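Coming up is one lone chain in structure tokens, specifically the form predicted on its own.
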């Protein structure tokens, strides 16, 4: 069974290794894959985007453990999220929902059965003492219903779903990559549904800046320094600048509003 790990722990300390050791102690034949441990500290949105980008490329049945958890030790709940083809384990803070929703969210379990926790649970390290053992027991075949009760009031972050009306699609910048490309939470499916994909160009507003941008297949379809829009490799609308940085051109930051005008 494959178990993936994503966190904001970095690699300087022993946190990631402690999680792996916990998993292997319970399920010695687990295959553990690191997605990344370099999520910006406490940045739930960045973690959610990276998880949603990586998860679909793993086999069905993979268990994804994600820990970007500024609320560790508080009343925030540990959860298991069952999606169509994969299982997600982590905190109830929105981190898991984008990926599960894109795949097809089935149900969410509030993990309360301490039988599946570490013998001693640290209030500051649920990654090792709650999420890692829960994932390991899932990998051993324990049904998710054994861990707790289904809930419907789980955290649904605003970045999961843009709003749509006749005039515009209102989304936000979900991620800014190292090239300065602005990746939004507006999916190809939404653009297709609103018939925006059929247009050769669209008026895009980012914060207070508005430009009419050409739809392109790839970055090199326009001349150097020209801004464009395209569907990126993760299936979301992306604003880019050929051989340049859209982040600099639009003076954009994570979470900025992005409006796609339809009228």
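What you see is a predicted model; the values in this text were computed from it and never measured. Positions refer to the first chain, counted from 1.
FYI, the form predicted in complex with a further copy of the same chain isn't displayed, but the following is about it.
Under a 4.5 angstroms non-hydrogen atom cutoff, a further copy of the same chain in the predicted complex has residue 73 among its neighbouring residues. Not displayed here, a further copy of the same chain is approached by residue 233 to within 4.5 Å at the level of heavy atoms in the predicted complex. Contact between residue 256 and a further copy of the same chain in the predicted complex is not found at the 4.5 Å heavy atom cutoff. Proximity of residue 213 to a further copy of the same chain in the predicted complex: non-hydrogen atoms within 4.5 Å are absent; the residue sits far from the partner.
Shown without its partner, this chain lists 208, 41, 195, 200 as candidates; in the predicted complex, only 41 has a non-hydrogen atom within 4.5 angstroms of a further copy of the same chain. If you take 39-69 and check each residue for a heavy atom within 4.5 Å of a further copy of the same chain in the predicted complex, you get 41, 42, 46, 50, 53, 54, 57, 58, 59, in sequence order.
In comparison with the shown form, the Cα-Cα distance of residue 17 and residue 178 decreases by at least 3 angstroms in the predicted complex. The distance between the CA atoms of residue 11 and residue 178 is at least 3 Å shorter in the predicted complex than in the form shown here.
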